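Alright, here's a single protein chain in two forms, structure 1 and structure 2, each given by itself as structure tokens.
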Structure 1
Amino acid sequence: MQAVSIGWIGTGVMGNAMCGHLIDAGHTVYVYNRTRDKAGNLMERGARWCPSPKTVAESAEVIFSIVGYPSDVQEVILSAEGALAGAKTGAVIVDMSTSSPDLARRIHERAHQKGVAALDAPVSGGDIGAREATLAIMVGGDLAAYDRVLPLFNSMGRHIAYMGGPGAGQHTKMCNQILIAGTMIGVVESLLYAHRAGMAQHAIIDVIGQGAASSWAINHIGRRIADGNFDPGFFVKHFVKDMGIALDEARRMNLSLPGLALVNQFYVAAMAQGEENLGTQALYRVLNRLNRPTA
């Protein structure tokens, strides 16, 4: 596709790799991150530093953001120094954070008033998917804007889907996170059982990861657990945030999700035990401690 002037806000575990793919595709990229050093490798590859989300947007046709919390999304897009304040008529703002559907709708409304299109486009696939450009990207907002941005999405992901109007991308991500929550408790309990039975966890994964119990979580996150690697591909604190959004949305719908509520409590326990900056596989540590002999 023809080179596009791109703004990128947020260069953390996911955003850094995703932005790098757009640089590799030949686009001009203007970048902002709260900690400048975390964007240093992107600037070495040609990205141009901007001092605020607003100045990023002033130079860009399409502005992407991927940050931690809904409050961060609101700040980098809707504040006085946010992207919308600098966006030109006809620009597209694409928030790829996992955030609330309600905030996605508010961003869409505010952007529409200024003649700017907005998409909510959260992703799934973790740090591996970001590095390998194999992310699933679930998109809500204007269909015309989606069609315009699709070639850029194709540089970052393998499975891209338009899910409906504003907020639909975030609702789809909540479905994703609910499923991951249930899967993660299964992965952890399965591998704890293997350990207690004296089995080699990698050998267990080699077998059950190919049958009816196969999942991305057992074959990727399970391997990290077996290696004793609890470094973050996706932070515990961000997963707790995501589950909280899903539970809030469920309450609004008078929908009971007891499985999600239970897993959320285990992850809250991980936070209480100081493990908020570990990867989601740290759930294994919580359940392992729970099962230690007391005498």
Structure 2
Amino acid sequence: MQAVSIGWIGTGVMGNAMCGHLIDAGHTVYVYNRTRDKAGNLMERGARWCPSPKTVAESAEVIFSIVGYPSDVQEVILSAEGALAGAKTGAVIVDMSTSSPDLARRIHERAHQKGVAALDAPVSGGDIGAREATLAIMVGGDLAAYDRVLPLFNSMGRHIAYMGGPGAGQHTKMCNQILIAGTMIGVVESLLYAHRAGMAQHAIIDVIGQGAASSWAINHIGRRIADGNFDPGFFVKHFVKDMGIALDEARRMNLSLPGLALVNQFYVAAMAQGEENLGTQALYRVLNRLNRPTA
């Protein structure tokens, strides 16, 4: 494909690896990150530093952002020093953060008024997917803009899906996270029951990890629980952020999701108990403590 002038905002674990693939593909990349040091390796590979999201956007045809919270998305895109302030007519802004569908729609509207296209394109697949360019990317926004950016998505991921208008990418990611929340409480309570009943958790997973109860979570996260491994694949603190967005958006739609609300509360307890930097399997520890005599 033709080389494109690309802006990249946010060079954390995910963004750094994803941006690297675009450099490797021969594009010109302008980069900004709140902490400049974290973009150092990308600059060594040819990325050019810009002092703000706005200046990143001034030089780019397609501007990507992948930052933390919706408030960060709002700042790097919509503030006076944000990408939209610098974006040229005809540019595309692609937010790949997991963020609020409502904010995605607002960005689209504000961008549209300036003759700029906007896509919401959150990902799943974690740091490994980012490194190996095997991410799933769920995209919302105008189809024409999607078609323009698709070759760039293909450099970063393997399963690219156009899901509909503005916000549809974020909505899809929310569906994914709601599904994970329910599955996780099933995994954790099942293994807690197994342990209490005196059963070997790995032997239980061998059986229930097949057939009608099977899931990626029981066979991967469940195994880690059985091994006593609570290291992060996906951080508790990030999952709490995502569930918060889903619950906010559901509230906005007058939609009660009692299962998600319950699971969210236990993850909030994991945060309260200082386990925000463990993996999502820390839910097991929360429910285990709930069921233990206090000192």
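Residue indices: 1-based, along structure 1. Only the largest set of C-alpha atoms that superpose within 1.5 Å between the two forms is called the rigid core. Bear in mind the structure is a predicted one, so any value in this text is a computation, not a measurement.
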- Task: Only one of the two shown forms is the form predicted together with another copy of the chain, so please name it by number.
- Result: 2
- Note on the structure: Rounded to the whole degree, the smaller rigid unit turns between the two structures by 16
- Task: Look at the Cα of Phe230 between the two structures with the rigid core superposed and state its shift in Å.
- Result: 5.1
- Query: Asp206: how big is its Cα shift between the two structures, in Å, with the core superposed?
  - Reply: 8.4
